[in-house]
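Single chain ahead, by itself, as structure tokens, in the form predicted alone.
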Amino acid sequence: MLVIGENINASNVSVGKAISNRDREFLENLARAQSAAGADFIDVNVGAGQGFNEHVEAAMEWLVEVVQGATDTPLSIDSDVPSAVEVALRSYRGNALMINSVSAEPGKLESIGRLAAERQAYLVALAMGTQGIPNNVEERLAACELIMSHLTRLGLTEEQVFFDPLVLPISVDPTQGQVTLKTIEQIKSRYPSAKTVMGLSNISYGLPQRGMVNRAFLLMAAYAGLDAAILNPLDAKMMSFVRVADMLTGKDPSCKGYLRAHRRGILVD
């Protein structure tokens, strides 16, 4: 399973402050720590409403430069502002690249989808349209159909699309865990070459002992067909569950990855 490190996100108060203050050292250390912990991609998000939203393009350009200077781990450019994505892509030096994200909203699907096609980047696609997150599987799949049809016309392949089935807190609606899992299953059935990804921690919002809920849901989602997760790679117990999920779903032949992690002493029970 691909791990996308979620920690450099301006919605986190300390990260938002570091971006506003151009605190290079803080952000470089956070990037290096995620890479060392096993992140396959590092998500970079300058946020909105954090005091620099009027200069989102400049903030994104600076942040991409800082993180690239600290690590060779590929980046996930996280913004639904096409101009911010475009600026980030101009300064991005790596080969592997992910853009996060688009939905079935026509304008942004066209503009960000075209940028992804030009760079042949991976693209996270949210299973929703202009009316917000659907509360059922059928409407989420309908959004996926619109998205895939448009992106393939622009020149992306199924393999480059990472569908996010979307996770709503079960504290608000206890059926939403099952809706997400069924959406993953249906996406994998309809688009066998496409990938699936989700922001794991949304499932436990508003609940106590969130880590336990998140780890359990990770295993369930892995069985349903989850290919990637946006999570905190500095959570050693969660990273241990990622390795367990790969092993239990046949993605770790002969348990080699799990045993290697055991020998390194990085598995946490």
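A residue's number is simply how far along the shown sequence it sits, counting from 1. Every value quoted in this text rests on a predicted model; they were computed, and no experiment measured them.
The following text describes the form predicted in complex with another copy of the chain, which does not appear among the structures shown.
Using a 4.5 angstroms threshold between heavy atoms, S171 counts as touching another copy of the chain in the predicted complex. Taking non-hydrogen atoms only, S240 approaches another copy of the chain to within 4.5 angstroms in the predicted complex.
Proximity of F41 to another copy of the chain in the predicted complex falls outside the 4.5 Å heavy atom cutoff.
Within 4.5 Å of any heavy atom of another copy of the chain in the predicted complex lies no heavy atom of L2. Though another copy of the chain is absent from this view, in the predicted complex it lies within 4.5 Å of a heavy atom of just one residue from N95, S193, Q131, Q178, which is Q178. Between 226-234, 22-30, 204-212, 62-70, the stretch whose residues reach within 4.5 angstroms of another copy of the chain in the predicted complex through a non-hydrogen atom is 204-212. Contacts between 225-254 and another copy of the chain, taken as any heavy atom within 4.5 Å in the predicted complex, involve K237, S240, F241, V244, A245, M247, L248, T249, G250, P253, S254.
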